[in-house]
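As structure tokens, one chain now follows by itself in the form predicted on its own.
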Amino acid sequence: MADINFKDPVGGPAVATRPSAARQAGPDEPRWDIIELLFFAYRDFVGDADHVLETFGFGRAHHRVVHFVCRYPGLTVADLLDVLRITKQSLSRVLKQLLDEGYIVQKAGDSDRRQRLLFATAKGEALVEKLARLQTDRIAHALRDLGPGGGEAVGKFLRAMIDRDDPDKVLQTILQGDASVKDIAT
């Protein structure tokens, strides 16, 4: 870990410090160790995909949109807004680019023609697969040393981090362990 230099509060010279990773937080103290590990893990996890996305002129918002549309065919625009928690304007910009470039198609709903249902094209599915393989490689590498049950423990930890009161249909489907989409599209 690199040294981090902080200015002495009384105006003295900078002091090199190395935060102790082994220091355990008390019950009322922030968990700096976990907070920072989550930050860097997320940075590197999405960074693998970011490099590929740059070649297409896409960013993380494009990745999230095409990912959820691919994984949950027939997802409505309204449900996608719930999942991503971005503004309608932000989604419109990203979605337009993905539609224009042939990664996603949009169809009217069967029962409500005003409803816009989203589907990934073969091109979109190929991109999602490519990005998922990069991320799966990173996950597999991280899980390799955890031994039997390591993946389940990580999954349990991540599920426990999620707000269970969230009304998001996709999240509820994931938390129930049912990857089927029939409940989401209705």
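Just count from 1 along the sequence shown to find any residue number. Keep in mind that what you see is a predicted model, and the values were worked out from it rather than measured.
There is another form of the same protein, the form predicted in complex with the DNA; it is not shown, and what comes next is about it.
Using a 4.5 Å cutoff between non-hydrogen atoms, Arg71 does not count as a contact of the DNA in the predicted complex.
In the predicted complex, the DNA sits beyond 4.5 Å of every heavy atom of Val46. Within 4.5 Å of some heavy atom of the DNA in the predicted complex lies at least one heavy atom of Arg64. Taking the partner from elsewhere, Gly147 is found to have every heavy atom lying beyond 4.5 Å of the DNA in the predicted complex. The candidate site formed by Ala78, Ser90 and Asp112 is fully in contact with the DNA in the predicted complex, as each residue has a non-hydrogen atom within 4.5 angstroms of it. Among the residues Arg31, His51, Arg60, Lys156, the one placing a heavy atom within 4.5 Å of the DNA in the predicted complex is Arg60.
Only one of 137 to 145, 120 to 128, 157 to 165, 52 to 60 places residue heavy atoms within 4.5 angstroms of the DNA in the predicted complex, namely 52 to 60.
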